[in-house]
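You are given C-alpha cells for the same protein chain in two forms, set apart as structure 1 and structure 2.
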Structure 1
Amino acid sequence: MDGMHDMGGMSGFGRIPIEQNEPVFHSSWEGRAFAMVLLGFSWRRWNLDQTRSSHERFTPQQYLSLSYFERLVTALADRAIKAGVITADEVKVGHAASPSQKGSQSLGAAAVSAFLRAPRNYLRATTAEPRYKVGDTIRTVTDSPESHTRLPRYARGRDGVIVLYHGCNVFADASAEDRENPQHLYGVRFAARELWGRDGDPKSSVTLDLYEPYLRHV
C-alpha cells in the first residue's frame, strides 16, 4: 500500500531531530499505550501483520499530525472495535460498558510475563522448492498493491543479490488479510547507489528480507 507510512527515501521533510539521552518514554501514558498494544495480542483477534496494516490506513494528515504513540493507540482502538472487543462508544467515554466483561479479558502479572516470553515461530513447512539461491542476482517487482506489502516503495524495480535464505515463512501480505500463504523468504542486498542513485554512498548497501513473490530473475 502506497501510504504515508512508507517514507523510506522520501525527501522534503527536513533533518531527523536527534535528542541526546532520549528516554524510552517521554510520558507515562506512552509506556501504558505501548503495553496495551503488546498485550492486545493476547486477545488473539489480530496478528502482527494486521497491526502493521492498520497503521497503513492513516491518511497523510493523520499520520503526520499524530505522534508515534498516538498512532499506536489509535490503530489499536480501530482494531479492537473492528474485532468486537470494544465499542466506539466505550472509546469515547474511556471505560468499558461492562466491568465483568473487561475483567474476563485481563491478564495477571504472571500471565503477562509468560505471554511476552512465549516463542513465536513464523517458519512453515512446504514442498515447493525455492526459486532462488544465495548469490543469485534478482530484480524486485514494481507492483503497487492496495493491500499490505513488505516491499518498500524505494526498493521496487531494483536489482539486488541474495545473501541469505530464511526458509519458508508466513507471508505477511496474506497474513494481513487473516489467511496463510507461506512463501520462501530471502535476504537481498542492494547497493546504495542502486537505491538512491548518484547520491548513494558507493561503499554502502541495504539488506532487506523479501518474499519470493517480490522477486524476479534478471
Structure 2
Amino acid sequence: MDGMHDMGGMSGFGRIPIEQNEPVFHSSWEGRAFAMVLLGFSWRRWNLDQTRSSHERFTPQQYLSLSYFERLVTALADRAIKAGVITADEVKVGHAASPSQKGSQSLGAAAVSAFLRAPRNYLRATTAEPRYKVGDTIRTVTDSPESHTRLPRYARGRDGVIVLYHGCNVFADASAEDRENPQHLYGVRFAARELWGRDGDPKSSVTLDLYEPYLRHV
C-alpha cells in the first residue's frame, strides 16, 4: 500500500533528531505500550505482517502526528478489535464489558524471558528452484497494490543486481493476509544513480531484501 509509511527518498523532514544518552523509553507508558504489543503476539491471533499492515492504514496525517509508540498501541487496539478479542466500545470506556470467552490465558512474568527468546524461523521448504542467482541483473516490478507489500516506491521499476540469496521465506504480502505462500528472497543492490538519477551519490548503493514475485529478468 502506498501509504505514509513508505517514506524512503522523501524530502522535507529536516535534520536527524539525534539525542545523546537517550533512555530506552522516555516515559513509562512507552515501555508498557511496547510490552503489550509483544504480549499481543502470545495470543496467536495475528502476525507481524498483519501488524505492519495496520500501521500502513493510518491516514498520512495520523501517521505523522502519532509517535512510534502511539502508533504501536493504536495498531494493537485495531488488531485486537478486528480479531474480536476486545470491542471498540471497551477501548472507548477503558474497561471490559465481559470477560474473555476463553477465560484467563495471559502469559505470566516467569514465562517472559522464554517467550522473548523463542526462536522464530521464516525459512520454508520448497520444491521450486530460485529463478535468479547471485550476480544476475533484475528489474523490479511497478505494481502498486492496495494491500501490504515490502517493495518500497523508490525501488520500483529499477534495475539492480542480486548480491545475496536468503532462501525461501514466508512472503510478507501473503502473511499480511494470514497466508504463508513462501517465496525465494534475495538481497538486491541498486546503484544510487539508478534510484535517484543524477542526484544519486556516485559511490553509494542501497540493498533491499526482495521477494521473487517483485523481480523480473531484464
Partner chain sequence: MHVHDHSPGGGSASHSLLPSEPALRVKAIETLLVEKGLIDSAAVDAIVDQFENKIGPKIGAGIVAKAWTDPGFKQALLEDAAKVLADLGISGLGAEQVIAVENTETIHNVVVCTLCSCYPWAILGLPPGWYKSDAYRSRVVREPRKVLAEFGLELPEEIEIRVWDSTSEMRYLVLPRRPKGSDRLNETQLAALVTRDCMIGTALPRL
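Numbering runs along the sequence of structure 1, starting at 1. Between two forms, the rigid core is defined as the largest C-alpha subset superposing within 1.5 Å. The model shown is predicted, which means the values in this text are computed figures rather than measured ones.
- Comparing the two isolated copies of the chain, the first one is the form predicted on its own.
- The two forms, fitted on the rigid core, differ between structure 1 and structure 2 by less than 2 Å at the CA of residue 9.
- Core superposition places the Cα of residue 20 2.7 Å apart between structure 1 and structure 2.
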